[in-house]
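Both blocks below hold the same protein chain, though in two forms, and each is given as structure tokens: structure 1 and structure 2.
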Structure 1
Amino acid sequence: MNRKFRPGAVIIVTLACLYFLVPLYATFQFSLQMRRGELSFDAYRSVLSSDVFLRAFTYSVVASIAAIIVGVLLIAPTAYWVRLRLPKLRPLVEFLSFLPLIIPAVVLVFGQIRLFGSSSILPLTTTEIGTNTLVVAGYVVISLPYMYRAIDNGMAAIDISTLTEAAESLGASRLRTIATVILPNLRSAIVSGAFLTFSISLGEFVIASLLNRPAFGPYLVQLGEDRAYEPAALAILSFALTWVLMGVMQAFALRKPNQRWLRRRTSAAGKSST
């Protein structure tokens, strides 16, 4: 019940806000100065109309989405299965999921390049498909801790084993249970894991750069070396994109199961679920 107003606290919070906001303002202001003597959105126009940008961005979006799909398919069933049937193996799975927090991406990709190099039994780095596979696998690995935590927390919140037993005691098959009971209840957890993966992978630099893929991260670094105003514009765009992703994620995380995004979908979903 310490609700007293403290001047020291005001100073600290003000300083923090300045530290947080001034770089954003500076970047924004800088990004508008491409045309000499007046403010314009030229830098944004220049970036967004560049083919190299579009290609790099598209590559990263596709790779991130692939990483999300692989990650969800890999982690959701595993987390479910471990909670339901193999609680004894939980420490192992948790350990593996949190390992990427200890292994920096640069080390990870180093090992992958050597392990899957031209002289190995599985020479992934020699083909384009193989390298792309490695990029996606790398993104899955670096986002593994976040994806696993999001999904596992989601399962903890709804008490997965009781729900499963309840559904099965009512005569539902295992598949039906998963499709109609477990997944709908996990949707917000999966979505937040997916957005985290997306925001981690989209601007990722180290893996893409070392595997020589034309992704958004390496493009950004190159742009930073060549240009002055466009990088600022892209920084602002990335920050805005991260904000939007976080916002969407929070909306999903806070959403109650019976809330729907669109009024019209309510009736449609109501019909199809009966």
Structure 2
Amino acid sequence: MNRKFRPGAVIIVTLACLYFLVPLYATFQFSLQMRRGELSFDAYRSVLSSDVFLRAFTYSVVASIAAIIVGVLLIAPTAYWVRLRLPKLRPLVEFLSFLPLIIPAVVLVFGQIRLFGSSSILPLTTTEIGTNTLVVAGYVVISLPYMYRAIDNGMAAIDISTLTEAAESLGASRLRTIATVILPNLRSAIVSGAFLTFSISLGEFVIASLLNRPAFGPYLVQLGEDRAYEPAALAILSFALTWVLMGVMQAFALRKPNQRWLRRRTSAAGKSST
């Protein structure tokens, strides 16, 4: 069956690609002009050889991964329990999950400073570990709408009630059901939420800057004030990293959920009945 050619759709897609690729090409070309009169990768070598860049990038990557882990451990059981046992509370939980889109990050970080400052009962801002904990907590909050929506949509696509009953009939506890049955079926949704969390946290500026942490966002802003070509090189590197993460996300999303535990227990139950 031949599909009808639609020139309007082709024009829209072409314009969208040009709108996206032309500024990217201009940025890439500008990043190669650090050496006057010729094209070179001096800006990239300057960025990648900087100890400050490596420290800032490593800090943001570690903080982003920590935010992903905390977000999954917090949101997945909550979304599961609300869908399974408390469906009437879903509108309230969804409303709460969207609050970070309404409340600015600067309000969040000033609230953290007021609650956990040096004059509070729990002065986290007085230690490096405590401040890093506040940064991770801030990343979890600002990524909450995206992580919750990804996991909740993933749960909507599977029958969690049937999976839970099947797992419990085979002797699994509720915690084991979540860990070995529900989460493997949510792999694609979790990876999507993790990718969004990582992208948001990696370039976040307000929280890390006001808490005085050596993160990638403040480093990029500071570099843009002091240099010309290195920020363009960093923008291209960040774009490349984003596409690599999208490829990894797609690879994980295409893999089938691991349900070996259920199959093994079902097979054992069948053998014992015979």
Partner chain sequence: MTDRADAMHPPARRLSVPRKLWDLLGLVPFLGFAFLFLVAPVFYLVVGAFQTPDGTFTFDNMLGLAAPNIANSFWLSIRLSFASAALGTVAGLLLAQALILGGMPAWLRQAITTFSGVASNFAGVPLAFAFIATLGRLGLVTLILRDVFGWNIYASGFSLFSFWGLTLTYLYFQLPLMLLVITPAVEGLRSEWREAAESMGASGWQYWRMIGAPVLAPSVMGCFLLLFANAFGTLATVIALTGSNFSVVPIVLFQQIRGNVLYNPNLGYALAVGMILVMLVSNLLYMLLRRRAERWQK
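Between two forms, the rigid core is the largest collection of C-alphas that superpose within 1.5 Å. A quick note: this is a predicted structure, and the numbers were derived from the prediction, not measured. Just so we're on the same page, residue numbers count up from 1 along structure 1's sequence.
Between the two displayed forms of this chain, it is structure 2 that matches the form predicted alone. Relative to the superposed core, Leu84 shifts its CA atom by less than 2 Å between structures 1 and 2. Relative to the superposed rigid core, the position of the CA of Phe41 differs between structures 1 and 2 by less than 2 Å. With the core held fixed between structures 1 and 2, Ala166 has its Cα displaced by at least 2 Å. Note on Trp243: its Cα is shifted 2.8 Å between structures 1 and 2, core used for superposition.
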